[in-house]
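In the form predicted alone, a lone chain appears below as structure tokens.
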């Protein structure tokens, strides 16, 4: 994936339009998923990443095809950006056999090994230890691959975060830890759960290389992620990448967000929408934008039809793929 066309001044306009299209796909896909969830068609809880699309696209575009990721309970954007087709993802959300996890995962536990996605995780920070293990395997095998974990700011408070970073730095494994700092641990604002403002200090405590990026600027995210993955791939040790981003919606669909001032959301939507920022930078004309919208709408609507026409699993399938020690 790390083949974006560059010019002397940065990424080419055509490449940035590809990024914009991917971000728009994630946005419209999640809006459609919210619509279908509210209509009662999707089971379980649902968490969307509206506002955080630039992190997913910028980071995943910096990865090579055989690199892997581990995601969070807010995984749709990462999954699409890593290469899963919308049909397979939507079918998974509908619990169909044609889903990327054969209907076993749903929104919070989906995975797509063929596309290098080692799984969403309902456990906060649950993907971090697995990524360290995968990165260690790459190092021992001498494979030039990178394992990357996405997680939120709240996950930096848990034990497995510190254990994972400690071992990763000790063993100098090719891992990248991407903290999507949206300033809320579910419903708890940062000032109530973090004793420090600069989360890179938590990685620096282990002697780890740390980088900070504006998570609403997809080109900057891509450039920084490419630097981070190159650092890890070249055997120089793991990297902590702090992406300052904003969640333009609630923690989950139906979240009343009583913990958050309403004016804050309005202001963030006006000033920090990553799609608006990139479209303005590229000066995309209305007719070109409308054509892109139509293409994405057709793709997303098609994924819903694909999912609805999918195959329901057999009841006895619930007993498959179960492991107990």
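In this text, all values refer to a predicted model and were calculated from it rather than measured experimentally. Residue numbers count along the first chain shown, from 1.
What follows is about the form predicted in complex with another copy of the chain, which we do not show.
*Asks:* Each of 162, 194 and 206 within 4.5 Å of another copy of the chain in the predicted complex, by any heavy atom, yes or no?
*Replies:* Judged in the predicted complex, 162, 194 and 206 all sit within 4.5 Å of another copy of the chain.
*Asks:* Taking 4.5 angstroms as the heavy atom distance cut-off, pick the stretch from 74-82, 198-206, 214-222, 175-183 that is near another copy of the chain in the predicted complex.
*Replies:* Contact-bearing stretch, as computed: 198-206.
*Asks:* Considering 210, 158, 226, 253, which brings a non-hydrogen atom within 4.5 Å of another copy of the chain in the predicted complex?
*Replies:* Only one option qualifies, and that one is 158.
*Asks:* Would residue 87 count as a contact of another copy of the chain in the predicted complex, using a 4.5 angstroms cut-off between non-hydrogen atoms?
*Replies:* Output for residue 87 is no: heavy atoms all beyond 4.5 Å of another copy of the chain.
*Asks:* Would residue 169 show up as a contact with another copy of the chain in the predicted complex if we use heavy atoms at 4.5 Å?
*Replies:* Yes, contact at 4.5 Å.
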